[in-house]
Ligand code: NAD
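Just one chain follows, in the form predicted on its own, and it is written as structure tokens.
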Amino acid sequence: MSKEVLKYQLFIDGQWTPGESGEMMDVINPANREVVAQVPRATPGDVDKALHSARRAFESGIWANKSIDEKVAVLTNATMAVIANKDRLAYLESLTSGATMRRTGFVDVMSVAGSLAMSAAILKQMPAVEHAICPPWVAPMHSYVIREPIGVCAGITPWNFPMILAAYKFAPALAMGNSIVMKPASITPVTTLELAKILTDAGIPPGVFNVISGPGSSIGNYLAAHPQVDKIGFTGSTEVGRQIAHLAADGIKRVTLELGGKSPLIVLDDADIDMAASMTLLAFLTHSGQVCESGTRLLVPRKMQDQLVDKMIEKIKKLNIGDQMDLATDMGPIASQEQLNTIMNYIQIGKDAGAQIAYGGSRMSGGIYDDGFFHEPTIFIDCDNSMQHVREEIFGPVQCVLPYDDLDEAIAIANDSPYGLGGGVCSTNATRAQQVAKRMRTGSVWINTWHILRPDVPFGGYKESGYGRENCYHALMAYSEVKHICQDLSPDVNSHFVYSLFGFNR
């Protein structure tokens, strides 16, 4: 091994805690397969320990009972602490996930800081009490509504955006006074563990923020079904999301699910070809296509297909694909051998279905490519929306081009999907583009851009892409309970309207 291997423990009750079994898992750099870190393989006993810590912290009120101003101050400290650790967090995120350093330093770390800062800002603006209006024909009563924390939350995150998707859960959960146990993906747990220490040092009390590492099939499922968990925030595949929902159902747990996608990008006949080509590359090649709302169904007017594909290929050939740690790199490796195998399998499925490959289609080889998990950007043309590789999420750098003859047909094809996470429109006509956007059955629609996930706007999907929303005030609402308190102001039993109505004042 060319570099020192980082050693981690679980983060429970505000401190590093060894795993119960002593067994460790390797975390590798997907560009060269070198082991760069080791983390504990948690057991159900470790999960119990973390959840009991979270429950004790919640019941004590050490965080839940803090005033809004106190919470805002700590969240603001945490925001600044994340920014202060920007370089290390970006380095570790890229090293373990394959994301380019150019992106993690500018986007990922700042997104974590943004989630914390926005949660604090919304909490500060949120009314502590909402007073109801008492109609004059009703007995004098004072009714008001308050929001309270749910309790102990579980955040279960995937391997593609470890920091960002963790922050989408812990930032609103903490803002509303909850305790949380995070379970990052087993191949990318490092930055979530780092964040636990950073936030605790910034003032989050011990036990309020815990992190356990281990396989989702065992530890994740155990966590989701655990009776100590009151709320689950999950990001991952639709298949696993169904399992989480079933596990949560027995305990009637609150659940937010952000699941898979097969997002359509509709190029209108008035689109600028150069803009359309850049937009579709952004849509399907960001993070080597390993993004849940990637634009991987490209709907283009039939007469424009060849011209647009040629322009896309011209731009792809100029990309620098390689070591994600090099600031000159545009696109890094696939995150794991397993995911690389999935991508190659879907490409074969597409070939067998009769779809034509206009570019790519193979694993990259030679030099650094032999050591890591690299795959060519791949473009299928003349696809049909019924094909398996067009309908199912590939999670790789694969674009499926679907020619259409009129706009109504394009919108029908775009909406003919079990998913509804993202969508996009490329057009030089702003009014027309917005009209098309409103007809798309997706949680987000981008016009002439893609992947803009802001902390001040909601993110989530329709249909099998999940339910609930992350980010902004929608997320804070999802991590709180609503309580109505009603007080009758009648001076005595005889003047009490309800008692008199039912004869209970005699």
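Quick caveat, the model's predicted, so the values are computed rather than measured. Residue numbers run from 1 along the displayed sequence.
Form predicted in complex with the ligand: not shown, discussed below.
- Interface residue among 78, 181, 421, 174 relative to the ligand in the predicted complex, by the heavy atom within 4.5 Å criterion: 421.
- Contact annotation: of the candidates 350, 332, 260, 396, the single residue with a non-hydrogen atom within 4.5 angstroms of the ligand in the predicted complex is 260.
- Contact check for 185, 220 and 236: all three have a heavy atom within 4.5 Å of the ligand in the predicted complex.
- A residue is said to contact a partner when one of its heavy atoms sits within 4.5 Å of a partner heavy atom; residue 459 meets this definition for the ligand in the predicted complex.
- Under a 4.5 angstroms non-hydrogen atom cutoff, the ligand in the predicted complex lacks residue 403 among its neighbouring residues.
- With a 4.5 Å cutoff on heavy atoms, residue 97 does not count as touching the ligand in the predicted complex; it lies far away.
- The ligand in the predicted complex is approached by residue 159, whose closest heavy atom lies within 4.5 angstroms of it.
- Figure note: of the listed segments 252-260, 114-122, 423-431, 271-279, the one touching the ligand in the predicted complex, with heavy atoms no more than 4.5 Å away, is 252-260.
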